[in-house]
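Just one chain follows, in the form predicted alone, and it is written as structure tokens.
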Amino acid sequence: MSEVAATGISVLLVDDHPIVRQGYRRVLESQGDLHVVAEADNAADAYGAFKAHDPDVVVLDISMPGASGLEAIRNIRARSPRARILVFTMHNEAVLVKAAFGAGASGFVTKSSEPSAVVTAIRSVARGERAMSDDIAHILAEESLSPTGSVLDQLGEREIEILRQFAGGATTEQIAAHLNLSVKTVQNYHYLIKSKTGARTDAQLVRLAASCGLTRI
């Protein structure tokens, strides 16, 4: 990665909405020290852009067609354990926040935050610090005080991603293609997710995912 102090902070923007990318490119580049070196609209292209440009900070959304931002985080961190990734998303569900940090994200900011909060978070993440918007910090604090937590706390990041895609209507074959897994492996994950959550039917799994904010019914 480049020397942040000497050259400013290079940023890769990943979001499937062009208007969002355009708007935040203008916000970031108006700061003087933040430079958007590449954009991507899906997890696969995000990984390719990261390899090509080696940005100081990756700013990405969780929700994208196909593999989500969770998979992008996993793949980028597998290539570069020092990669600094800031999640910037409309989602504020505790299970997704924890999954993102578990996959290797350095920060999590919601799209309801002021643009200045995103700018501050990027600079913090570039320095190697952890960053969260105020609403996320509050949600995690409340979650830590819960005596029971969520049933999805038993699931790993890959299981959360498969559940999210399944509940969103993806078939086993589609999930396998999105995540570069075999159909048999996805079927095994499906069985494990049911076992861990106590869901007896696929309909119960979908309702559970919806109740935790992973999908909408």
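All of these numbers come straight from a predicted model, not from anything done at the bench. Start at 1 with the first residue shown and count on from there. Take the two forms, superpose them, and find the largest set of C-alpha atoms that agree within 1.5 Å; that set is the rigid core.
Same protein, other form: the form predicted in complex with another copy of the chain, not shown, and the subject of what follows.
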Triple contact flag Tyr47, Gly128 and Asn180 to another copy of the chain in the model of the complex, non-hydrogen atom at 4.5 angstroms: no
Classify Tyr189 as contacting or not contacting another copy of the chain in the model of the complex by the rule of any non-hydrogen atom within 4.5 angstroms, answering yes or no. no
Give a yes or no for Gly198: in the model of the complex, does one of its heavy atoms lie within 4.5 Å of a heavy atom belonging to another copy of the chain? no
Is Gly168 close to another copy of the chain in the model of the complex, meaning a heavy atom pair under 4.5 Å apart or at it? yes
Check whether Asp134 has any heavy atom within 4.5 Å of a heavy atom of another copy of the chain in the model of the complex, and answer yes or no. no
From the list Ala52, Val37, Val27, Val151, which entry has a heavy atom within 4.5 Å of another copy of the chain in the model of the complex? Val27
Options 97-105, 120-128, 83-91, 69-77; stretch whose heavy atom lies within 4.5 Å of another copy of the chain in the model of the complex: 83-91
For 13-34: residues with a non-hydrogen atom within 4.5 angstroms of another copy of the chain in the model of the complex? His17, Pro18, Ile19, Val20, Gln22, Gly23, Tyr24, Arg26, Val27, Ser30
Checking His35 here: with the core superposed, does its CA move 2 Å or more between the shown form and the other one? no
Does His17 move its CA by 2 angstroms or more between the shown form and the other one when the core is aligned? no
Rigid core fitted, then: does Ala167 show a CA shift of 2 angstroms or greater between the shown form and the other one? yes
